[in-house]
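Okay, here we've got a single chain as structure tokens, the form predicted alone, with questions on binding and movement later.
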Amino acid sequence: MQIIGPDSLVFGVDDVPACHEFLTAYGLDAHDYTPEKGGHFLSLDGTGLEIRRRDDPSLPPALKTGNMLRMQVLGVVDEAALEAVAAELGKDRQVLRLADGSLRTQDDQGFELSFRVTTRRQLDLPAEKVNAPGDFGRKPNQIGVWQEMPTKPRTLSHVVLFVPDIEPALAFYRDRLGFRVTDTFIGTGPFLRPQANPDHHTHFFIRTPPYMQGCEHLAFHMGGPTELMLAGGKMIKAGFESFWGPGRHKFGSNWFWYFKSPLGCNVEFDADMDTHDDDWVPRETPMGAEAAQAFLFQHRDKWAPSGGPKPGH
């Protein structure tokens, strides 16, 4: 299955203006937004989030848990890929074809899914460059950081789901949709990537009791760790609460910084994720601090090694 990954995640929320404040501070651009109805919040390549009021009748039904995630919209490479999805899933469940050509169905855990030919745009942007003895990535006189450098999310990276029944969830995405397992936290769940996307993961499943089912967090890729650190610093200064980070994961190697959000889940900045092909041999390890992070920082308002002048001095 030539699936690329999430084009959009659809939420039904309690406080639309609070989501607008959070997501625009995060760096997404609001489109067709009104405080009464919500709107779309897009990254640089056009992938993003759709935010509606919880009681919006246009939304798919909510999970029994009341989690605010209402639907995953997965992009595929072309119409042939869309037809392949329809043929495969139509074997044992209802697959609706909507007026816009997209498909609607559910996975085996009751999560609402939509499939469409991807609307994401190809980006032509440089990645962050690093200088090191033996390999100088930046040209002479090209500086690595400045205060006003762009910190815009580039693309929707991944979604992490609380899943009550890991084995059938994995079987659906792996055996029916062709996702590959890249790594697994034993007793917790697998990291998955679709066939048409080399990213280490677009999905991660966490085993939980049924009453927790829903979205644990979502993430957007940044241009590099410096962008991530600057973007996270802006969120702190704007008064938003850090949940975890900044730091760097081991599985996937991506830098991370998570923030609490009014979407009922955490929202992460990530950068510099590993990519894989079918030659990759998946790893397994028990879940724990040493497995989940190579290192972890905590934000502090400190501007010099010795501190700074005390207030009033």
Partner chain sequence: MTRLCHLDDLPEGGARGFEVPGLACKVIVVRRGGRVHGWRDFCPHYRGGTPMAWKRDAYLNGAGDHIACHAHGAWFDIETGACVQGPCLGKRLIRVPLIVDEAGAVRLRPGEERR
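Since the structure is predicted, the reported quantities are computational estimates derived from the model, not experimental observations. Positions refer to the first chain, counted from 1.
A second form of this protein, the form predicted together with its partner chain, is not displayed here; the remarks below concern that form.
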Problem set entry | Candidate from 250, 31, 260, 37 lying within 4.5 Å of its partner chain in the predicted bound form - any heavy atom | 260
Exercise. Since exactly one of 100, 124, 92, 241 fits, which has a heavy atom within 4.5 Å of its partner chain in the predicted bound form?
Worked result: 241
For this session: Determine which one of 72-80, 173-181, 210-218, 108-116 lies within 4.5 Å of its partner chain in the predicted bound form, judging by heavy atom distances; exactly one does.
Result: 210-218
Problem set entry | residue 265 within 4.5 Å of its partner chain in the predicted bound form, heavy atoms | yes
Exercise. Taking heavy atoms only, is residue 162 within 4.5 angstroms of its partner chain in the predicted bound form?
Worked result: yes
Exercise. Does its partner chain come within 4.5 Å of any heavy atom of residue 66 in the predicted bound form?
Worked result: yes
For this session: Using a 4.5 Å heavy atom cut-off, state whether residue 18 contacts its partner chain in the predicted bound form.
Result: yes
Exercise. So which residues in 130-149, when you check its partner chain in the predicted bound form, have a heavy atom no farther than 4.5 Å from it?
Worked result: none
